[in-house]
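First, one chain by itself in structure tokens, the form predicted alone.
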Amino acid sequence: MADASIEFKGSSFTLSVLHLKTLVLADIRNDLAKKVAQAPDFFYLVPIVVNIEKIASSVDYQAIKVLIEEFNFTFVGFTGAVSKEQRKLIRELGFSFVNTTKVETSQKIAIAEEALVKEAEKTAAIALSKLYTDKVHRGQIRSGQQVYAKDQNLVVIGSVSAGAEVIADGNIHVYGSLRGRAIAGAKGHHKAQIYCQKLEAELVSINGNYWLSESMEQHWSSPVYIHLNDNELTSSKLI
């Protein structure tokens, strides 16, 4: 018998969860517009699961789906601690419902996988840091510009303007103000770090983990370095 043309396998994926706190579509639209405006390229086609456990059961599911897709997110389905009747209704309407237990199981699988490769990752990170050379950019990076250090660290001797983007597969050093977007460890390097003399960024990201500006208030306008600690972004003052 010939091999089957398809095969199902268990796996785990990272999905962004949008928690709704109101049924007022106009309010949701306004808040989504503000959020997406901060980093439109970053959010483009991001898979979204909508958590509805904090709102009433009389939900216009189709309207919410249409609203999510209006901002170019990829709508996956709904989730949350809701009644069996509500889950059944969602599925009868043709939408997916992601059970909380399934989400928790995926997280446990991801943690187990991470533990299995922890030592290998450390070794790889050390090897990568030794292989990276520096790409040096002298002068200001202006709005609309993008500078990418492929397989390198990026050193900017100058400032990064709002609307500009700096990307590196290794670390990012900005010897000036960082007001645009900075993405380090772009190809997957959890030991990558971001350094700057003045943090006023629209977005920072390391190995796919990101902060928008409101998450940087602790060290705003200060010299800082940003790194990952147990897969969560952490910032510390340089001086």
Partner chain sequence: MARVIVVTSGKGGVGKTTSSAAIGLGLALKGNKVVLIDFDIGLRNLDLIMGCERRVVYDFVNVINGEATLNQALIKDKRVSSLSILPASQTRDKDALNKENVGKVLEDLGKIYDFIVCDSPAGIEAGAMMALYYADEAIVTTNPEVSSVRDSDRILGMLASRSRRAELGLEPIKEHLLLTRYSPKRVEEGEMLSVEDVEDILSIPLLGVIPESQAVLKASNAGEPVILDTMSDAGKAYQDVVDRLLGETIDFRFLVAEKKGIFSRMFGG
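Small disclaimer: the values here were computed from a predicted structure and weren't measured. Positions refer to the first chain, counted from 1.
Beyond what is shown, the protein has a form predicted in complex with its partner chain; the following relates to that form.
Trainee: Only one of 165-173, 138-146, 71-79, 84-92 has heavy atoms within 4.5 Å of its partner chain in the model of the complex; I'd like to know which.
Mentor: Among the candidates, contact is made by 138-146.
Trainee: Look at the candidate spot formed by Ser161, Lys198 and Glu202 and say whether its partner chain comes within 4.5 Å of a heavy atom in all three of them in the model of the complex.
Mentor: All of them do, each having a heavy atom within 4.5 Å of the partner.
Trainee: Answer with yes or no whether Lys191 is in contact with its partner chain in the model of the complex, where contact means some heavy atom within 4.5 Å.
Mentor: Result no; Lys191 lies far from its partner chain in the model of the complex.
Trainee: Any chance Arg179 has a heavy atom within 4.5 Å of its partner chain in the model of the complex?
Mentor: Arg179: contacts its partner chain in the model of the complex.
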